[in-house]
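The chain that follows stands alone, in the form predicted on its own, written as structure tokens.
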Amino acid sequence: MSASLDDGRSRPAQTTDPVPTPASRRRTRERLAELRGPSVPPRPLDARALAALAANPGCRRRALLDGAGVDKGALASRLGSPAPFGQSQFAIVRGNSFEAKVKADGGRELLRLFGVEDPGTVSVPELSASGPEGRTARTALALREATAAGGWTLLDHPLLTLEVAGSPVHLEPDAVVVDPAGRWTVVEIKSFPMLDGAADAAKVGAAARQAAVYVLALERVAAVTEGAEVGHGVLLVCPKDFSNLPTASVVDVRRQRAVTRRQLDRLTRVEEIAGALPEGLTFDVRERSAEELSAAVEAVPHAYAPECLAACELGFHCRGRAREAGEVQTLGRSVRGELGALTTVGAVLAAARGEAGDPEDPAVAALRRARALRQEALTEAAACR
């Protein structure tokens, strides 16, 4: 955690990606609607899901399903592998209650954490508009006006847009504060406690990854706003100790932002993935049988890793299929990387026994050496009996 909001500012990175035409966007939307099911409303991505997607950029299955707005939880249930995780109703209610307290009275408690004692001097623009495109445009206008005004501005639940794998994703941070210098600061409000000035490291890390997504989305608007800069320091607001009193710490998200940007750039564009699928394939959980849905899911390559179990609703389904195929990726990314061209447990065992594999391959040589040492140890143990 950093000590102040002045620790760094982010200039938006330039991109050389081709700009999709309106016609191509329309075709992509129609194709994704076919994959999702014409009567099924799209499930929007949030920053938490986007951070999880960025953590596994090689998984085309998740990229396509998230891009099409498929409800992966409902799909996993139909496949017989429901995900046993998710935020409890109690946690949701507690989080909403704490956020309401932080933003009450014109955001007095939140602004106090920025050193602003009189909320009457802070502008709180109205951000409501028709549809997500309207809200996104209204947010961009409010940010430009706030930067030009040179005062304090609090944007409550602004709507931002980030392009992911060729499709726009709408994101809604808890708040964004614009200071008189034109710096935009993301505010992340969480209900987990901050005990003696420190919070659970794993939860802070997850919040930082989520906030980094908001920073990237803000940079798109800052790129066309004169005098605007996006701060690297995100204000994390939590309950103090065991009370409901808000306290805050600044989290430096430069590393998380860089990693997320790099991973998102690696994602294959959704239209490319969809274009490789057979005609008529769909993930319509309302109209298709479990067998048809299973076949549709298996038609899209996945990149399972044990971390998926805590981040993706299809993690248990993909693990089951990977185990059935004997894939070594079920053992973790580090093991998969060490084994090189040996992609199945059967191939690993055959290489260790000397039945297959190139003896010059370091992975094969290490496996055979390990097997020899194991045999030696078993022989010595048997002799000592």
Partner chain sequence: MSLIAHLARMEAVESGRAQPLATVRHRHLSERPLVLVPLTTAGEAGAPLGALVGTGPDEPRLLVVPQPRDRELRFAFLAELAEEVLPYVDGYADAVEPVERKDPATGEKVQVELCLDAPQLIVPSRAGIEYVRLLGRSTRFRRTAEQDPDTPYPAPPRVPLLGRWLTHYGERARVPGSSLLLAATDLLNRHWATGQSSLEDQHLGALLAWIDPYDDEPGAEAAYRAELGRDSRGQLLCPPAGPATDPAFDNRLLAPAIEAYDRARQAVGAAEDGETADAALAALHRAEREVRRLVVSQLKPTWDATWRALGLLRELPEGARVADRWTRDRWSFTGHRDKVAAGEPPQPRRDDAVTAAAKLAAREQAQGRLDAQEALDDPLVLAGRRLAGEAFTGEVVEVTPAWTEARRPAPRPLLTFRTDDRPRLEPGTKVYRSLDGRPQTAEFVAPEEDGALVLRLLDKMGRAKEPAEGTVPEKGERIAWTLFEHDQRTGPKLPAPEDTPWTHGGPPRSADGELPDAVTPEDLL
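Predicted model only: the values in this text are computed from it and were never measured. Residue numbers count along the first chain shown, from 1.
Not on display, but discussed next: the form predicted together with the partner chain.
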Listed residue (Gly182, Pro193, Pro246, Pro125) with a non-hydrogen atom within 4.5 angstroms of the partner chain in the model of the complex: Pro193
Option from 61-69, 340-348, 44-52, 31-39 whose residues, in the model of the complex, bring a heavy atom within 4.5 Å of the partner chain: 340-348
Partner contact for Gly131 in the model of the complex: the partner chain, 4.5 angstroms, heavy atom: no
is_contact(Arg353, the partner chain) in the model of the complex, heavy atom dist at most 4.5 Å: yes
Ala325: touches the partner chain in the model of the complex, heavy atom cutoff 4.5 angstroms: no
Any non-hydrogen atom of Asn56 within 4.5 angstroms of the partner chain in the model of the complex: no
Heavy atom within 4.5 Å of the partner chain in the model of the complex - qualifying residues of 300-321: Tyr304, Pro306, Glu307, Leu309, Phe316, Arg319
